[in-house]
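Shown next as structure tokens: one chain only, the form predicted on its own.
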């Protein structure tokens, strides 16, 4: 399929969770949108999403980000309801609260100190959380092992069905009128006479605005439209077990039971460059820690393991920016595409449609924060 010749209001480059969420929000607002995507060959971060809608511990060093995630979690029921109405797909959203388990007293003290420092920051959007001892955790998670000494708990946390979310966003955006163009990776983006031309191997797509939502590819594309997007790939590995009887009523940051009965495990953070290779030592470490948390996992078979590449900025926080030299060019990049999906659809998309990211909401997320000269 060759690219159509007509001009769109907005070309979204990237069809992962970030790009699809923004495209869906734009289309629901009446904007004519094309999504240019690499397709199934893309090393998209969405392949490795853990499907958490997560708030606790986010925002150390940027308290505004804590408020951004709280807002995103609060908008999620609206997004889930809209996607179900548009597609018939139930995302199995649950927000019962979530746990971060500690396997030693030192881990628990470290966790307690982190959350205290987080909530003591100026301008911090404070929210409820609790540090629990073993007995308190066991009352809510009866199958924890004896090595779990305690945990932090936040009532705002939750999770969804990860594969169904991706399918629902793509189904809904296309039903809303988005033209999805797989196998159309952006090779060049040019700005001429107030509009954009995106060159792909299958032809050119023209648009009045362009949104860079290509994950790690934004580092290459950004300078073409006057945007600095300093991102790097960070590998994370995921392990999935066979189905088992429901036993985990609350998601844990590194262990969650899906609505289908499988258990997902993952707490790998690896600076391995653009290498999505699965490593058995890492998988073994993930499994060992999970079994210490929930001994019953030791009797389950592993059915899948894979690795994916997170999109990581220098400080770990998102970048939302607009170009000065090429008005109408925007970038959106983060490593919390699930948590922020509703925010991207209901807040970021309307701002892009209006042609401006309001400084009072978005200035803190600009890549200009990296341009502060180093002290002499």
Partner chain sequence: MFRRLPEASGASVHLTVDGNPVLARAGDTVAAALLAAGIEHCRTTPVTGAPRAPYCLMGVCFDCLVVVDGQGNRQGCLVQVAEGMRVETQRGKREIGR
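All of these numbers come straight from a predicted model, not from anything done at the bench. Numbering follows the first chain given and starts at 1.
One more form of this protein, predicted in complex with the partner chain, exists but is not displayed; see below.
Residue (of 77, 274, 201, 261) lying close to the partner chain in the predicted complex, criterion heavy atoms within 4.5 Å: So the residue touching the partner chain in the predicted complex, by this definition, is 261.
Heavy atom within 4.5 Å of the partner chain in the predicted complex - the one residue of 197, 84, 243, 232 that qualifies: Among 197, 84, 243, 232, a heavy atom within 4.5 Å of the partner chain in the predicted complex occurs only for 243.
Which of 127 to 135, 210 to 218, 253 to 261, 187 to 195 lines the interface with the partner chain in the predicted complex (heavy atom within 4.5 Å): Answer to the contact question: 253 to 261.
Proximity of residue 143 to the partner chain in the predicted complex, heavy atoms at 4.5 Å: Yes, contact at 4.5 Å.
Any non-hydrogen atom of residue 116 within 4.5 angstroms of the partner chain in the predicted complex: No, residue 116 sits far enough from the partner chain in the predicted complex that none of its heavy atoms falls within 4.5 Å.
4.5 Å heavy atom contact, residue 301 to the partner chain in the predicted complex: Yes, residue 301 lies within 4.5 Å of the partner chain in the predicted complex.
Partner contact for residue 206 in the predicted complex: the partner chain, 4.5 angstroms, heavy atom: Taking the distances in the predicted complex, the answer for residue 206 is no, it never comes within 4.5 Å of the partner chain.
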